[in-house]
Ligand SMILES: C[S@@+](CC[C@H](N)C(=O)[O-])C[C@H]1O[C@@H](n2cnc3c(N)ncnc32)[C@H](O)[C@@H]1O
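Consider the single chain below, provided in C-alpha cells and representing the form predicted alone.
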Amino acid sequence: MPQTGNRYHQHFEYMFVFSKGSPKTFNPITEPTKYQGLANMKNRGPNGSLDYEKVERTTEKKVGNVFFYSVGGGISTKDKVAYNHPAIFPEKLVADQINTWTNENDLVYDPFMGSGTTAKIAHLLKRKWLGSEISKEYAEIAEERLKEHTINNLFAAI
C-alpha cells in the first residue's frame, strides 16, 4: 500500500488463534525446501552422536509466521459489497488459516466479523461458522455478502 509521512510503517498485523487447551488440529502450510534434510542434520541421535544416516530427508518445510498476500480492490475478494468495509482480509489469508487450524465440519468463530470474509471462507471450506459484529453498518455488509452462506450457521449483530 502507498506510504506517506516521515516514519516507517507497520508491515504486519498480529493474528490470534485461540483454542481451549492445546490446538487439536495443525495442518501446516509448507513450501519446497532448497536444501533437503540439512535443517535436521544437527539433531543428535538417541546416543548423543550426529547420525546422518537416519536423518529424514525432506522436500518441504513449514513456512514461517509472517505471511505475504496481495491486497486491494479486486484482489482481496471479488465480492464488491465487501469493499464498503475499510479493512477487509484477503480471502487467501483466511483460507490458509482456516485450513491450518481446522478440519471439515469444525466450528470457526470470528468475534469481529466485519465484512464476513471468515464466515464466507469457512462455509466454502465446509466448516461451520459463528460470527458477531458490534457495528450495525458492518453487520449489514456481512449479511448482504453472506446471504447464500447462512444456512446452518449463526450470525449475530450485537
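The first residue of the sequence shown is number 1, and the count goes up from there. What you are looking at is a predicted structure, and each value in this text was computed from that prediction instead of being measured.
Omitted here: the form predicted in complex with the named molecule. The next part is about that form.
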Worksheet item: in the predicted bound form, which of the stretches 96-104, 23-31, 63-71, 111-119 has residues with heavy atoms within 4.5 Å of the named molecule?
Response: 111-119
Worksheet item: Does the named molecule get within 4.5 angstroms of any non-hydrogen atom of Ile134 in the predicted bound form?
Response: yes
Item to complete: Determine whether any heavy atom of Val81 comes within 4.5 Å of a heavy atom of the named molecule in the predicted bound form, and answer yes or no.
Response: no
Worksheet, complete the sentence: Those residues of 63-99 with a non-hydrogen atom no more than 4.5 Å from the named molecule in the predicted bound form are His85, Ala87, Ile88, Phe89
